[in-house]
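Okay, so here's just one chain, in C-alpha cells, the form predicted alone.
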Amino acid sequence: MNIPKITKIIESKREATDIKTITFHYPEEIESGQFFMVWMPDVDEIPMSVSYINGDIKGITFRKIGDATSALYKLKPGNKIGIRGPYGNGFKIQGKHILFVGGGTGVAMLAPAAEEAVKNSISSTVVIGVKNKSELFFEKRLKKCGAKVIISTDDGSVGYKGFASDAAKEILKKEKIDAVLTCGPEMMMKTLLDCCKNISFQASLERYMKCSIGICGQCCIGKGLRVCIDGPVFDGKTLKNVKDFGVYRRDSAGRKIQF
C-alpha cells in the first residue's frame, strides 16, 4: 500500500475555472472521505480526496493552485501517475436526513458520500458554496443522484447570496436534520460545528502531509492527533477539543498560518 501503483489517466475533465476531475483505474476499495497520495514523477506527491467511486474506476477533483496541482492539471488521458492508499477514515453515513455542506472544492469529496446516502434511501440535502457561478461544479451530478441541491455564492451570481454556512443555518432552522457532513474552508466548518449542538457532525480537515501513514507528524492537530490516520474525517466531539480547529494550520516548515 505504501508503494505507489502506476496507473494511466482515463479521463481529464474540466469542471469549472481552474478545476479538473481526473479518473483512473485503481481496484482497491475506498470509502467516501478517504484519500490517496498522488505522485507526479519529478514533481511531487500530494494528498487528494476521492471524488469518484465507480467500481475499479476512481477519481480526484482539484483546483490548480501550486506546482503539483498545475502539473497534474496539464496531464492528459494516457499519461501515468502513481497512486498509493487509500488512507485515513471516511464518513459514517447514518440518519434519516443528512445535510452535506461543501465550500469551494470541498464539495468534490462530499459527492460520493451524498451518492452513497441516497443509494441507502437517506434524504440528502447538499449545500454547494462558491465565490461565484464560474466556480460552480457537481450541481447536475448531485441532482441526478437524487439529492436536493442548494447553491450559495458570495456575490449572489447564482442561488443564495452569502456563505454556505449561512445557507446551512437556514436549513437547520427549518428542517429536521440528523447529521451534518462538511468539507471546505475551516472557518466555515467551525461555524457549522458551533451550530450543531445536538446534531451529529463530521468534518474533513486538510493539513500539509508528507508520509500519510502517521510517522512524520507534519499533519498533527490538537493534542497529538494526526489528520492522515486519525482523520481526515473527525466527529464533532473530537473537534470541540481541538484548540487549533478553525484557528490556524501549519505550512511545510511547521510555521503557524492563521485562518
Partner chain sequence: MYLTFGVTLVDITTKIAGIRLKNPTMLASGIMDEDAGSMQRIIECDAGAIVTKSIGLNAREGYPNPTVIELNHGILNAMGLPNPGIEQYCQEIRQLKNSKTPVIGSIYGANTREFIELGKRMEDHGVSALELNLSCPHAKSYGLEVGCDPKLVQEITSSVKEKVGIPIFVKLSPNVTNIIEIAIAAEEGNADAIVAINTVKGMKIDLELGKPILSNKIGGYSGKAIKPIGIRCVYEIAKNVDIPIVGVGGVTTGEDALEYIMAGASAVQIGSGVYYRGIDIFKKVCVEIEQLMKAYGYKKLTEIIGVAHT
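Residue numbers count along the first chain shown, from 1. All values derive from a computational prediction rather than experimental measurement.
Form predicted together with its partner chain: not shown, discussed below.
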Do heavy atoms from each of Cys183, Met187 and Leu193 fall within 4.5 Å of its partner chain in the predicted bound form? no
Given that the partner is absent here, state which listed stretch (78 to 86, 91 to 99, 105 to 113, 158 to 166) has heavy atoms within 4.5 Å of its partner chain in the predicted bound form. 78 to 86
So in the predicted bound form, does Trp39 come within 4.5 Å of its partner chain, heavy atom to heavy atom? yes
Are any of the heavy atoms in Ile215 no more than 4.5 Å from a heavy atom of its partner chain in the predicted bound form? yes
In the predicted bound form, Lys64 touching its partner chain (heavy atom, 4.5 Å): no
Lys197 versus its partner chain, in the predicted bound form: is there a non-hydrogen atom within 4.5 Å? no
Within 40 to 76, which residues come within 4.5 Å of its partner chain in the predicted bound form, counting heavy atoms only? Pro41, Asp42, Val43, Asp44, Glu45
